[in-house]
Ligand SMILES: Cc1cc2nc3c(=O)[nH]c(=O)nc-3n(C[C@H](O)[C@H](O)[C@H](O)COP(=O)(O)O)c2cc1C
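Below sits a lone chain in structure tokens, taken as the form predicted alone.
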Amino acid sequence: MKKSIIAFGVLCCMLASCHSKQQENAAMSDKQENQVINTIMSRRSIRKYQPHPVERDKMDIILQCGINAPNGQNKQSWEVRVVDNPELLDAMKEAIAKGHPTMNPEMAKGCFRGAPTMVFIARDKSYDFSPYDCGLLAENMVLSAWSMGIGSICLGSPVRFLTDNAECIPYIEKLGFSEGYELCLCVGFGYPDETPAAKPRDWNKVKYID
């Protein structure tokens, strides 16, 4: 009788372990098969690109995904401008260099990280939540781009370089943002010419609070 009880207990432990393993495998399988999760987990910031810009029909899809991002009170407190003309991008980089004479010329030359298509996002200054709306818009764009094999990089320094000097004012004006809007974020897009490895994330910064 005692041996039967022990055997039954061992069997229960084995079944529980097997069930737990099946659940773990199922969760892993779901994660691997879920396209959204795969896109989020595999996306990397790209700093080397092939020279040709992203086709405009594909950019249209990326932009549609962007403007369908969640946003405060549905104010859609952004404006978006796309530049894929290499001559215009080069002229903007030259203006940045002229406007910052003490800057390393290579830094000015590489301020867009070689992305052949640049998206300039402006925020509505009258709405204090607009920077977050712009961030959500950008996140939708970079994820949808990655799902189509298109790399991206979010850039903050060009915002400062383009807005803190007189040399670049004509290019900000050329972007044609509405009155009351200011440049908030730049996002580069293009086909990757590198495959960077993932950088570690600090899971200790995430906590459940009971």
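Since the structure is predicted, the reported quantities are computational estimates derived from the model, not experimental observations. Residue positions are given as counts along the sequence shown, with the first one as 1.
The form predicted in complex with the named molecule exists for this protein as well; it is not shown, and the discussion that follows is about that form.
Annotation: in the predicted complex, residues K75, R123 and S178 none come within 4.5 Å of the named molecule through any heavy atom. The single contact residue among L183, L155, V54, C168, judged by any heavy atom lying within 4.5 Å of the named molecule in the predicted complex, is L155.
Stretch-level contact check against the named molecule in the predicted complex with heavy atoms at 4.5 Å: of 170 to 178, 143 to 151, 44 to 52, 65 to 73, the positive one is 44 to 52. The named molecule in the predicted complex is approached by R113, whose closest heavy atom lies within 4.5 angstroms of it. Taking a 4.5 Å heavy atom cutoff to the named molecule in the predicted complex, the contacting residues in 168 to 204 are L185, K199, R201.
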